[in-house]
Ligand code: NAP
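Just one chain follows, in the form predicted alone, and it is written as structure tokens.
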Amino acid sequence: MANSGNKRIPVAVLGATGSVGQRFIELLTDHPWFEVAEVVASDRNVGKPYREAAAWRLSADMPESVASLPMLDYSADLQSPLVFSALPGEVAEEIEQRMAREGRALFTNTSFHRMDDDVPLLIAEVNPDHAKVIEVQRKNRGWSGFIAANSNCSAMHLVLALKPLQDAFGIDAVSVVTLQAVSGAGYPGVPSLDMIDNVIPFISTEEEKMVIESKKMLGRLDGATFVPANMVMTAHCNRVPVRDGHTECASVRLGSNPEIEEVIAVFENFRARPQELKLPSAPERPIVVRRENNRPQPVLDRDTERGMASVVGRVRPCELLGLKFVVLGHNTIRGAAGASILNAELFHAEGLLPV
């Protein structure tokens, strides 16, 4: 589906100077449907052109189309009907809710609203039907706009890999160990003397998010109520000295006992609504399977499908739960900004944006 009239929808990026905000800017450059019209951050940068306010830290050059945009503060009266949020958690609640009250479609990467009973926590290929709860959200809160969230970056790639297994075989239990890149902590993130030559076996609230967010996304919407997936799950989350790309080692007890080649075929054949609609940011293959015995690896595989795929490897029997595999994904592209953009594309293609 193309944008009607070929006129791009103006969008605002909240928290535009931070690491995820910069990724939003990069991914929205030359987007066929959306155009960055407003950039928003804390008041210390108000009035500055974006090129002066943002210490650009991505490998590609700052887009010239955005470099001269003036920075707006959080209280600004925005004109854009579509908003992407990479706000700091301490300010997200009030600002995001104001955007929805004002009639804007807000897609957030922040964690504040993810587990609200009337906010969809979405992966476009996994649970697009959860978007129906927005009708409940608007009724409950009296909003003309809405808030839709995407998940924690580590839950994102795990759930994308679990979804086809759930559909094909059912899932009873999951155990996962994550090896998470330092960019997941934002910038400046973890001090270098803590991270170099080291693994930190604790990321605050991450293990809890992995469990509750995964169960919400793999669960079902029953009218106005989310019913979490009925499975046992545990997570160990670690920070490792890798720049980008979260690696996760998962063991899964399925509802049946398929052969390994059956499992691999289910991964490789997985397609969903974004692929049917050929959305601009959708990976052609949401899950890419590597059969080498030493893949996936962050340096080699994190940019697969422009960073929008989950890369699965080492699919093999597990002596404890039955099946185990490794899944890798780019944490600031598919695990953050790219997921929000894909969700917005899905809403636009399905006629769910208020524009």
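Just count from 1 along the sequence shown to find any residue number. Owing to the predicted nature of the structure, the values given are computational and were not obtained by experimental measurement.
Absent from the display: the form predicted in complex with this ligand. The rest refers to it.
Asker: Which listed residue (Cys153, Met210, Ala149, Ile123) meets the criterion of a heavy atom within 4.5 Å of this ligand in the predicted bound form?
Answerer: Of the listed residues, the single hit is Cys153.
Asker: Pick from Pro258, Pro241, Pro88, Pro128: which has a non-hydrogen atom within 4.5 Å of this ligand in the predicted bound form?
Answerer: Looking at Pro258, Pro241, Pro88, Pro128 one by one, just Pro88 meets the 4.5 Å heavy-atom criterion.
Asker: Looking at the partner-bound form in the predicted bound form, is Gly186 within 4.5 Å of this ligand by any heavy atom?
Answerer: Yes, Gly186 lies within 4.5 Å of this ligand in the predicted bound form.
Asker: Tell me, yes or no, whether Asn343 is in contact with this ligand in the predicted bound form, where a contact means a heavy atom of each within 4.5 Å.
Answerer: The answer is no: Asn343 has no heavy atom within 4.5 Å of this ligand.
Asker: At 4.5 Å between heavy atoms, is Gly338 in contact with this ligand in the predicted bound form?
Answerer: Answer no; every heavy atom of Gly338 is more than 4.5 Å from this ligand in the predicted bound form.
Asker: Test of understanding: in the predicted bound form, would Trp143 fall inside 4.5 Å of this ligand by heavy atoms?
Answerer: No, Trp143 is distant from the partner.
Asker: Only one of 266-274, 134-142, 89-97, 169-177 has heavy atoms within 4.5 Å of this ligand in the predicted bound form; I'd like to know which.
Answerer: Contact criterion met by 89-97 only.
Asker: Hey, which residues along 273-308 are within 4.5 angstroms of this ligand in the predicted bound form, non-hydrogen atoms only?
Answerer: Result: empty, none.
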